[in-house]
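One chain follows as structure tokens, the form predicted alone.
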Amino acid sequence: MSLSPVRPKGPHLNALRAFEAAARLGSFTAAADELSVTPGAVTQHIKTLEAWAETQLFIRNARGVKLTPLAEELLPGFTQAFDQLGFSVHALRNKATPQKIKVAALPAIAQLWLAPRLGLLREVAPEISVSVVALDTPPNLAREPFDMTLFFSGKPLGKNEVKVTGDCIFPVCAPSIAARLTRVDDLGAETLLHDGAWHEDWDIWLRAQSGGEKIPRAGTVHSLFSIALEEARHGGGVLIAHETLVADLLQRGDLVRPFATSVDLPRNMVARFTPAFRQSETYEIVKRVLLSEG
């Protein structure tokens, strides 16, 4: 008579994923955000894994969590394994639906730079479908379902990254306001518009101008660059703009540059791709149509 003994079960994949994310990010809360679950769920997964392994993986204290020596030793292997799994999932999706692209981009880039170029892509390659998600921070391409990202970065270019353009800043405003701005000192009588994410822009530009340190920085603050830009366009004040994001508005005359001086920031707009997408034929079309400055 044959025997069918109960086979021992390994830990649940979700528990392993929760451990790797929490260990890599150093936080249960950050891991929960990345995995789109609650911190409580991550905590429970970790407890389940620790019970299965019969060992402690995290040291809990009032300031958060810390890896045990065993967890530190194991983390690189788990990270490599989940990265490879993520890349394999990307390859599956790219090969199954090669003409569907998912892009993550900074909100200002998505709205002001990418959106107009998508129309051109539709004309050149109507069979390609592009979905865009606006995010404040770049996603982890090894783990999240995106083929491409567009963000500003000051880091050296990586293997699967392409420089799109530099980042240059200068003031812009409506023509009616520009008519009364002849010197930098005149800004003291104007409303300075600030973008909350790029709150240092005015300081950076004014520090590069003679007498700029005397100009009051007070003004209105907006949570999105596009909102601040609309305020400037409708005569609400003067905004420090990023050249690549306002080129079309300047060309149409909706906004003007009251001063000729600009400041180059030590960063670029960078497009990053998954390895699977970069090896596809669709990538070549996207690169030529969307990323070419010519």
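Quantities reported herein were computed from a predicted structural model and do not represent experimental measurements. Note that residue numbering begins at 1 and tracks the sequence as displayed.
Quick note: we don't show the form predicted in complex with the DNA, though the next part is all about it.
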Classify S36 as contacting or not contacting the DNA in the predicted complex by the rule of any non-hydrogen atom within 4.5 angstroms, answering yes or no.
yes
Evaluate P266 for contact with the DNA in the predicted complex, applying a 4.5 angstroms cut-off between non-hydrogen atoms, and reply yes or no.
no
Taking the shortest heavy atom distance, is V256 within 4.5 Å of the DNA in the predicted complex?
no
Mark V65 yes when one of its heavy atoms lies within 4.5 Å of a heavy atom of the DNA in the predicted complex, and no otherwise.
yes
If the cut-off is 4.5 angstroms on heavy atoms, which of these, T55, S226, S262, T29, is the one near the DNA in the predicted complex?
T29
Is it true that P156, K163 and T165, all three, sit within 4.5 Å of the DNA in the predicted complex, judged by heavy atoms?
no
Within 4.5 Å of the DNA in the predicted complex: residues from 37-52 (heavy atom criterion)
V37, T38, P39, G40, A41, T43, Q44, H45, K47
